[in-house]
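In the form predicted on its own, a lone chain appears below as structure tokens.
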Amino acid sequence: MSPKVMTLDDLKLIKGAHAKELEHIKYIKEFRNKTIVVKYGGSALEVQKVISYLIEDLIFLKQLHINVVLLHGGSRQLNEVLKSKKIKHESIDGIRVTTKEILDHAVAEFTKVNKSIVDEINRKGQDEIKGIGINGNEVPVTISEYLDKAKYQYVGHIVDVNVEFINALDSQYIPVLSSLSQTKDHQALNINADTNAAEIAKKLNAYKLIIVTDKDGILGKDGKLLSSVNESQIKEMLEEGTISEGMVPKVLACLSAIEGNVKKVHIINGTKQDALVNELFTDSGIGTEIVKQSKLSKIKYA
């Protein structure tokens, strides 16, 4: 059964009678039949209500005939397991050193997270929209090589994406991918979820990549939220240290996607209800968009 075509009355009913209908419709027309890759992670993954917010938005997008692919992390869940089992772990250059023991726990935890998201999509989708889980250690949706086995052990970098595994899915389904990959010899590898999302977005020729986290977006030197920045401004902010710590890998993934011809990338706070819809379907948005060089000459504040 194919998703039904949404009308303006449906939009008012689902997202509220006070929605900016014309603004919404403009973007709905623009994004129809386009692919949007969404990466979901951070502490937002720990709160069931927040997961429900995102899933409601994803189902809404599918009903509007917008193709969505969801990628998720699971680092916080893995950290809790390692802590409970008193397994020591370290990071080098922001990358988790993944021993065979840690990899086994990562596979188990990421698989649990994947199943819980798929189950929630299926529950809320009510047979009209369905989720389908794809774990990269089981299905070779991405092929990777060791990033530096001596240094990071079972950590990979993606060298190929088998987009046919995703494109073969009926429009009824939302693919849900974990941050796991495998080598050509079928050895499972841990992959940075932001990098994973960027590579898949590029190979799918996605219209947008949206990084959903528990942060509002990119902050300027004055601590204020930036609504729009371009590539060179981002690189300057990285050099200056304005962008630091956990935001760095997210921003680097965004730059990679932009350079790979993804039209726009966004970083938004997914802990707020209707976050995804409000970022996509309003002129102002709620987070930070990163655009190509020619699109913006001045940093734009929220």
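Because the structure is predicted, anything quoted here is derived from the model rather than measured. One-based numbering along the sequence shown.
Although it is not shown, the form predicted together with a small molecule is what the next lines describe.
> Using a 4.5 Å heavy atom cut-off, are S227, S284 and E289 all in contact with the small molecule in the predicted bound form?
Yes, because S227, S284 and E289 each have a heavy atom that approaches the small molecule to within 4.5 Å in the predicted bound form.
> Choose one stretch from 260-268, 60-68, 230-238, 244-252: the one whose residues place a heavy atom within 4.5 angstroms of the small molecule in the predicted bound form.
Single hit among the candidates: 260-268.
> Although the small molecule is absent from this view, report whether F31 comes within 4.5 Å of it in the predicted bound form, heavy atoms only.
Within the cut-off, so yes.
> Does any part of Y27 reach within 4.5 Å of the small molecule in the predicted bound form? Heavy atoms only, please.
Y27: contacts the small molecule in the predicted bound form.
> So, in the predicted bound form, is K215 in contact with the small molecule at a 4.5 angstroms heavy atom limit?
No.
> Answer for K208 alone: is it within 4.5 Å of the small molecule in the predicted bound form, judged on heavy atom distances?
It does: once the small molecule is placed as it appears in the predicted bound form, K208 has a heavy atom within 4.5 Å of it.
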